[in-house]
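In the form predicted alone, a lone chain appears below as structure tokens.
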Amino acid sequence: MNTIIRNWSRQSTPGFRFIYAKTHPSISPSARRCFSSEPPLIITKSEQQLIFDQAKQSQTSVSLQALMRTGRGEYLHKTFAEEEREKHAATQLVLIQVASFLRRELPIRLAHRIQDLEAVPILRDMESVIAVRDLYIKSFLEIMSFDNKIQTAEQEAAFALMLENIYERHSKVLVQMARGAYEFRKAVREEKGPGLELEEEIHHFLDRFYLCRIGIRVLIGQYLALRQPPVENYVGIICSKTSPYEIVKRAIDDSAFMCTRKYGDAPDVIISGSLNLTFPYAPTHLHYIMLELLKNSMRATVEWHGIDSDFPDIKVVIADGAENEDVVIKVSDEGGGIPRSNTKKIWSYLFTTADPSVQEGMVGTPQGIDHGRDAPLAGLGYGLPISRSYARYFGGDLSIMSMEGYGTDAFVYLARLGNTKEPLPI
């Protein structure tokens, strides 16, 4: 059965960081305006030591399956004695259990990211990156100042309120870091270029950072969602009956809206394959991935064939079988493909084909948007690598096969069992 969806019309001192930025040989005086002129957040030696001590501890990886089982209360026996479980509602005990885990785990994860933000060369001196680093320090210190043990409903409620504020405060970090990458490109590439070794180091850093950011937001988002009234088939942010077909349809609507806003028209999309398939997954993650792939395909199709042409359909295939280890979704377009010389670059946070004026506009926007239909069709160049991080977070992957002069196939692999633990870097 096919469905056709048609469009509608390491800790360094502040002084060292500043001197490094201003004297690095790759940076000319004209480009140094990209570096922050604001003094970084000042923290005490004891606070520095606190960050160092937490960063020495190992992070605890979780799986999608573990998040669901914890949310259902299946691990309560490991934390509470039988008499305690009888005195409290199971839901409240689940919340206390999850809050206690986050009170221990989040400072460790934030400390790792703070040290990573301090260690990355040149990028650490970009104004946007300094702001993110200071934000992480503020959140770290806030959590560390909370009660060490969460044992009562009142403590849990106060902890939840604090995390809700932190979650909202960090909502623009994706765009802030993308701005930092843009500032890095402007400061370095316009001069001598960063060099392959430095560019790879920056890329690996951003891969680590974004993957860990996904993990932090999943843990907090899952906890906050568990505190809300129950929704059928949901355990927190995870839906036990996620329908790729329904999510693809929503992503088509959003990408068609964005494409029509930009060009006045958009290609049709045909969906085929296992349209009745459901499996446990985080719908918001899959929507982000599919929106990115579909808006890329629509943009490429319109620009390759011309605005006034009859566009070839974009095809989405959802594949699944009883013995398959993955649910696989393929997005195929006839948008002209990608030159082989750019194949590796599409995974780089330092590469984008977006109009420079769009990038300038996003960099200058005070309130950035992480992702959604209000964002431009092509922006700061982090869409594909971030999408791959979302796919890999729960054990899947994203790959691209392209034929220059014809079109591109994108393959999204989603682990069916949900037992793969987070691939957390050190």
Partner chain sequence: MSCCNGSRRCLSTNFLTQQDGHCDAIPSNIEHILQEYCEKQQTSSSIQMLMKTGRGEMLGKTYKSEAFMGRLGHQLATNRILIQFASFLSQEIPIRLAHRIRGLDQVPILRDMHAVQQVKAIYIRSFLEMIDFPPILNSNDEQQFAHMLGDLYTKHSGVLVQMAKGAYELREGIRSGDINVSKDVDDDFSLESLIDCHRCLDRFYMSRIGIRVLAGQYLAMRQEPQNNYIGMICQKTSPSAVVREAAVNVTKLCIERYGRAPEVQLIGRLDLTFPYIPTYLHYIVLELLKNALRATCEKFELSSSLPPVVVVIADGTDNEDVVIKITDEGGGIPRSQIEKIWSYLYTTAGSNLQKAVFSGKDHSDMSPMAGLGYGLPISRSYARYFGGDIDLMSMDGHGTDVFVYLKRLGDTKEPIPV
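Because the structure is a prediction, the values reported are computed rather than measured. Residue numbers count along the first chain shown, from 1.
Omitted from view is the form predicted together with the partner chain, to which the following refers.
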When the contact criterion is heavy atoms within 4.5 Å, does E325 count as touching the partner chain in the predicted complex? yes
Decide whether I329 counts as a contact residue for the partner chain in the predicted complex under a heavy atom distance cut-off of 4.5 Å. yes
Closest heavy atom of R340 to the partner chain in the predicted complex, within 4.5 Å or not? yes
How about L41: is it within 4.5 Å of the partner chain in the predicted complex, going by heavy atoms? no
Among 146-154, 68-76, 340-348, 95-103, mark the stretch whose residues have heavy atoms within 4.5 Å of the partner chain in the predicted complex. 340-348
Could you work out which of L198, A319, M162, L141 is the residue within 4.5 angstroms of the partner chain in the predicted complex, going by heavy atoms? A319
Contacts from 393-419 to the partner chain in the predicted complex (any heavy atom within 4.5 Å), listed N to C, are G395, G396, D397, S399, M401, S402, M403, E404, G405, Y406, D409, F411, Y413
